[in-house]
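Below you will find one chain, with nothing else, as structure tokens; this is the form predicted on its own, and questions on how it binds or moves follow later.
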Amino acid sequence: MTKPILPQEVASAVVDPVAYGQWETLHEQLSWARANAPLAVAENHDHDPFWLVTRHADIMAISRDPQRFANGIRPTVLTNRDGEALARAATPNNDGHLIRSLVQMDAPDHMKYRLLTQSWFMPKNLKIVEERIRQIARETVDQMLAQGGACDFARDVAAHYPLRVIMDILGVPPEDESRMLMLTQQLFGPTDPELNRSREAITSAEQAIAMLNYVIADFENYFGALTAERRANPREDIATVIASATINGEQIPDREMSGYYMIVATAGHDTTSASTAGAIMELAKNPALFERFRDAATDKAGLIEEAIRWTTPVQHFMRSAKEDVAIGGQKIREGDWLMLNYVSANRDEDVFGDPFAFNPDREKNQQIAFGFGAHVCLGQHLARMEMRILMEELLPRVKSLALAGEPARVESVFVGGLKRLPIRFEAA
């Protein structure tokens, strides 16, 4: 069977950070792919060929089959050919993973490591910290209202609220939160010249890898010191759990320990920031919707789930086929690389009626922004709780909300969302 090849404009868009920043054009290309070539190969000069998986059903099928679709064989985030070669040369066993966290692990390691902290993020245990999260939300709203009727919501509110929450749970002191925010933006936004470490466009794989290595080293140095402190002085926080954890009777190796800290510290706030800003943007555009959700009696669950679908902060992950397998009417060969494009899946016309409308009243919102299966996001319940609490605390205290300028998205193929959201508001 001949592999279907995507038109070059589609193949180019899905690897282009600028396209993800522009958003609308990307959606045009992904819509074409869903309708005409929902599972086809993208060929680009700088990248090895990969299957672009655009349909919700196909992504679900791959996600529930980790035995045949692996995370650890090749990069789990799209990496160009030169970048992968440099990463392999710089990593143990040439595995190509600059960070080895839960995201890069397969069985049996994945579940062993996941279980170390999974209970902390389950709804029952999160109730213990709910009041503390509400306190942080109230303080955040107070700070926003003190800005005098206007702010950049993405920068001034959405970036800091979930950061404070996850740092509090992790055990990072408030004075270090700004450092964690900066490093997270540098890690997830290396292709955005407004966010990356060099504050300039990246023009080579060597430059990108060197910059990421500096960021990772900063994280490792910080969490190495935190580990030593927690082993000497244990507390009731996740840092203590990670610092004292054992796998197969031995302490976690330094590389995996650093990866664990990093995935909690970064994914634990950046993605929630994006969804929170996405919700406020849509409320600012729609006064009737804003008035409806201002009412304290209005359930916020539909708003939150739709904002997560609408924003899709984690825009893709890569998988590698471990054997020949048929998916979506195509023959995937052992060793093939696949992009699970969640942006596309969350606009799939076969799953979402009128997918390009922001609709908090969807009867069954099957968004997969958190992934699915064994690798579903560890912090999904915390993210929903954080968003619900902030909406409960913020919306009743604001009687008007409107855009005050043009929003701007992060230019990144991996983690996206709004980097600027200027708004005007009037306190209630």
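Numbers follow the displayed sequence, beginning with 1. Here the structure is a predicted model, which means the values were calculated and not measured.
One more form of this protein should be noted, the form predicted in complex with protoporphyrin IX containing FE (HEM), which is absent from this view; the next part is about it.
Using a 2.4 Å cut-off to backbone and C-beta atoms, with three or more ligand atoms needed to call it blocked: open or blocked for protoporphyrin IX containing FE (HEM) placed in the predicted complex and overlaid on this form?
Open pocket: the modelled ligand, placed by site superposition, has no clash at the 2.4 Å cut-off.
Can you pick out, from Arg138, Arg114, Arg255, Arg230, the residue that has a heavy atom within 4.5 Å of protoporphyrin IX containing FE (HEM) in the predicted complex?
Spelling it out, the residue with a heavy atom inside the cut-off is Arg114.
If the cut-off is 4.5 angstroms on heavy atoms, which of these, Phe293, Trp337, Trp310, Phe121, is the one near protoporphyrin IX containing FE (HEM) in the predicted complex?
Here the answer is residue option Phe121.
Please pick out the stretch from 323-331, 285-293, 101-109, 82-90 that is in contact with protoporphyrin IX containing FE (HEM) in the predicted complex, where contact means heavy atoms within 4.5 Å.
Among the listed stretches, the partner-contacting one is 101-109.
Is every one of Thr272, Arg319 and Tyr342 in contact with protoporphyrin IX containing FE (HEM) in the predicted complex, taking contact as a heavy atom within 4.5 Å?
Yes: Thr272, Arg319 and Tyr342 each sit within 4.5 Å of protoporphyrin IX containing FE (HEM) in the predicted complex.
Verify the contact flag for Leu382: yes if a non-hydrogen atom of it lies within 4.5 Å of a non-hydrogen atom of protoporphyrin IX containing FE (HEM) in the predicted complex, no if not.
Looking in the predicted complex, residue contacts with protoporphyrin IX containing FE (HEM) include Leu382, since a heavy atom lies within 4.5 Å.
Is there a non-hydrogen atom of Val264 within 4.5 angstroms of a non-hydrogen atom of protoporphyrin IX containing FE (HEM) in the predicted complex?
Judged by the heavy-atom cut-off of 4.5 Å, Val264 is in contact with protoporphyrin IX containing FE (HEM) in the predicted complex.
Residue-level contact is defined here as any heavy atom of the residue lying within 4.5 Å of protoporphyrin IX containing FE (HEM) in the predicted complex; does Arg362 satisfy this criterion?
So Arg362 does not count as contacting protoporphyrin IX containing FE (HEM).
So in the predicted complex, is protoporphyrin IX containing FE (HEM) close enough to Trp32 to count as touching (4.5 Å, heavy atoms)?
Contact check for Trp32: no, nothing within 4.5 Å of protoporphyrin IX containing FE (HEM) in the predicted complex.
Within 347-379, which residues have a heavy atom closer than or equal to 4.5 Å from protoporphyrin IX containing FE (HEM) in the predicted complex?
Read in sequence order, the residues that approach protoporphyrin IX containing FE (HEM) (within 4.5 Å, in the predicted complex) are Ala369, Phe370, Gly371, Phe372, Ala374, His375, Val376, Cys377, Leu378, Gly379.
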